[in-house]
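Only one chain is given next, in structure tokens, and it is the form predicted on its own.
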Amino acid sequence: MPDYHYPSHSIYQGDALDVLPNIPDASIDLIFADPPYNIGKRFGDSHDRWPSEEAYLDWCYQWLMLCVNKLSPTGSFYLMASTQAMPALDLFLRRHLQILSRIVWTYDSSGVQARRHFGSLYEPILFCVKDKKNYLFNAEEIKVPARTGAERQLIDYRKDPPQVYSSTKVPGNVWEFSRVRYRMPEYQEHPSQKPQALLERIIRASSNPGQTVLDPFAGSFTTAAVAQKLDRQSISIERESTYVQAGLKRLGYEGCEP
């Protein structure tokens, strides 16, 4: 299967388990992994369904260990997963990395509503590093308005002299971004596309311009597109040729010689 290499971005068409061993160990500054969730979706010619939960988790453990090996000593790893699988993946990863945050991405839902249980309005994200005493975190790049300071103008009387509370803060671990909908400017024909705003926060926080971001399940190529926008280098792995071609188009490489 063809690979595509451009000055700042590389795309490998293939299975993550086959491609990841070819990437040098300790060479990646930031990994964002959003694998199939084992909930029955169709991804091109692939069906997102394993014979059992154990088989799915065994597959996850294999590529997770490969990702851990590729991460630089000061690198960061963000993992998305289904609410069902995340507890097992959390237990596995905490044996190999330091988990700094358990993030909830919450969103609106206009689809089919649950009738006999409480429907899910969030997806979990783990933020992990190799060394919790030595990792990159660009707090100033991702600050958001602070209601106490920006809206209510409350005074902190513990300071001498008293001061208005700061108008900005680092986001907490509950992130509210809308899901990508049909006809939105960033929409791609992919069943689990993640919003650019979510990836922008992650990439700004945990990488610097010129550093390398790896996405082992590129899908709609949001990670690569945001990395390109923010002057990062990217490595994308995707097995489905339809998504690879859509990714080349999204990155502006359609018809360009690699």
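Only a predicted model underlies this, so the values are computations on that prediction, with no experimental measurement involved. Note that residue numbering follows the sequence shown and begins at 1.
If you look for the form predicted in complex with a small molecule, you will not find it shown, but the lines that follow are about it.
Are any of the heavy atoms in H9 no more than 4.5 Å from a heavy atom of the small molecule in the predicted complex? It does not: once the small molecule is placed as it appears in the predicted complex, H9 has no heavy atom within 4.5 Å of it.
With a 4.5 Å heavy atom cut-off, would you call W59 a contact of the small molecule in the predicted complex? W59 belongs to the contact set for the small molecule.
According to a 4.5 angstroms non-hydrogen atom cut-off, is A218 in contact with the small molecule in the predicted complex? Yes, contact at 4.5 Å.
Taking any heavy atom pair closer than or equal to 4.5 Å as contact, tell me whether D25 reaches the small molecule in the predicted complex. Taking the distances in the predicted complex, the answer for D25 is no, it never comes within 4.5 Å of the small molecule.
All of Y4, Q233 and G247 with a heavy atom within 4.5 Å of the small molecule in the predicted complex: The answer is no; none of Y4, Q233 and G247 reaches the small molecule.
Can you pick the stretch from 187-195, 66-74, 204-212, 225-233 whose heavy atoms fall within 4.5 Å of the small molecule in the predicted complex? That would be 187-195.
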